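There is one chain below, alone, in structure tokens, taken in the form predicted alone.
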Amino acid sequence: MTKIELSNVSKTFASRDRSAGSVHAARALSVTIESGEFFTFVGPSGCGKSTALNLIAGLETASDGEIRFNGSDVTKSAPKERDVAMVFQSYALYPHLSVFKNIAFPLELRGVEKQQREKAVDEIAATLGLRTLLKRKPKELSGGQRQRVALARALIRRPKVFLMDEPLSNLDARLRLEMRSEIRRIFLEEKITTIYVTHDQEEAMVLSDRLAVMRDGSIEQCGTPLETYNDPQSQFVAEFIGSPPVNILPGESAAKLFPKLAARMSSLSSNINAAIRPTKVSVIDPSESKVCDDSAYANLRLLEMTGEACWGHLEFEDQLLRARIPAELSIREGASVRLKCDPADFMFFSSETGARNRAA
């Protein structure tokens, strides 16, 4: 297994527009990925996550900084010298070769004997449920089956590091769920150091041992999925991680909506935003709302059913927020309702910098 260390790694590209200067795709990335860890770079499009993966793979050369595999400097090493395997969004299968030959191709390049190749393909095909498909061509496979073949071709090499760049983005919702479980199962069995790239925060949360949330070429926060969800270091991380998205309210509006929150906010500056997860806010039963004095009224604009959960989209002083609505409550869109929450569940961020404010 391989431990990977990035120390102040940056990547700068020359802009086509000379007057615009250089483009900083990665800025001083410093992170340690432990041996046998499933690590994910997650963030919106253009945040630098794929650049980070390409730097680790050796497909891009770092402008500054150092990349080490098990303590050895590989910053200038070619991809083949790093012994990494990569799975892409586009599958990149050879259309004229059978599934068997696609999977066996890396071993054939290495000069592995035919009998050993056949045994290795049979084993990996059994692991990924491909045994009945080995004679087919890629065009005869579904998207999920093609992705399994791409995974098998990468895994059969037994690489030191396994890299995946948005491998599920071309699949429909059901197949993504299936392949997500498949990838996690394979990782638990193989224990190869794995680095994954995705823009899907839910995917990152489910798969990862740890993840790095990226923004504008930099790592905004690094930690376990629960750490980034429960203890975001910035408003950007709070908004990006979690579904439904976190509620963000200007401090004054939050204090008016939840009067009990005002005391907690008294020690904070005026330039703050208050944030609370929708799972921590719920609508009060209409029969109880008349005697409730710890919240103001909000207007229910939209009901969103997602199976067992029901979410209300509410409006208060031109501010929108989401809250959980108990399934047994008969509340219609357009109603005026009251909310309940624990003031301790609020987080606070600077409205100017987005940094976490922990004074309260």
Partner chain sequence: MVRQLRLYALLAAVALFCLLPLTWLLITSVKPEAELASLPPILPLNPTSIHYWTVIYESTLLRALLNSLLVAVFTTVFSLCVGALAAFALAKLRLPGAGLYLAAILSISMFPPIATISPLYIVVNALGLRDTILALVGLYSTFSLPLSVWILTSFFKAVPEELIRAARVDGCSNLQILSKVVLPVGMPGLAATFILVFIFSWNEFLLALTFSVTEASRTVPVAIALFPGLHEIPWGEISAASMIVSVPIALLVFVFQKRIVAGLTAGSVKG
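Numbering follows the first chain given and starts at 1. Just so it is clear, the model here is predicted, and its values are computed rather than measured.
As for the form predicted together with its partner chain, it is not shown, yet the points below apply to it.
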{"property": "Non-hydrogen atom contact G242 with its partner chain in the model of the complex at 4.5 angstroms", "result": "no"}
{"property": "G71: touches its partner chain in the model of the complex, heavy atom cutoff 4.5 angstroms", "result": "no"}
{"property": "Contact of E60 with its partner chain in the model of the complex (heavy atom, 4.5 Å)", "result": "yes"}
{"property": "is_contact(P79, its partner chain) in the model of the complex, heavy atom dist at most 4.5 Å", "result": "yes"}
{"property": "Contact segment among 215-223, 190-198, 122-130, 153-161, judged by heavy atoms lying within 4.5 Å of its partner chain in the model of the complex", "result": "153-161"}
{"property": "Its partner chain: the contacting residue among I276, V84, L261, A204 in the model of the complex [heavy atom, 4.5 Å]", "result": "V84"}
{"property": "Output flag, K3, G43 and K49 jointly within 4.5 Å of its partner chain in the model of the complex, heavy atom basis", "result": "no"}
{"property": "Residues in 231-251 with any heavy atom within 4.5 Å of its partner chain in the model of the complex", "result": "none"}
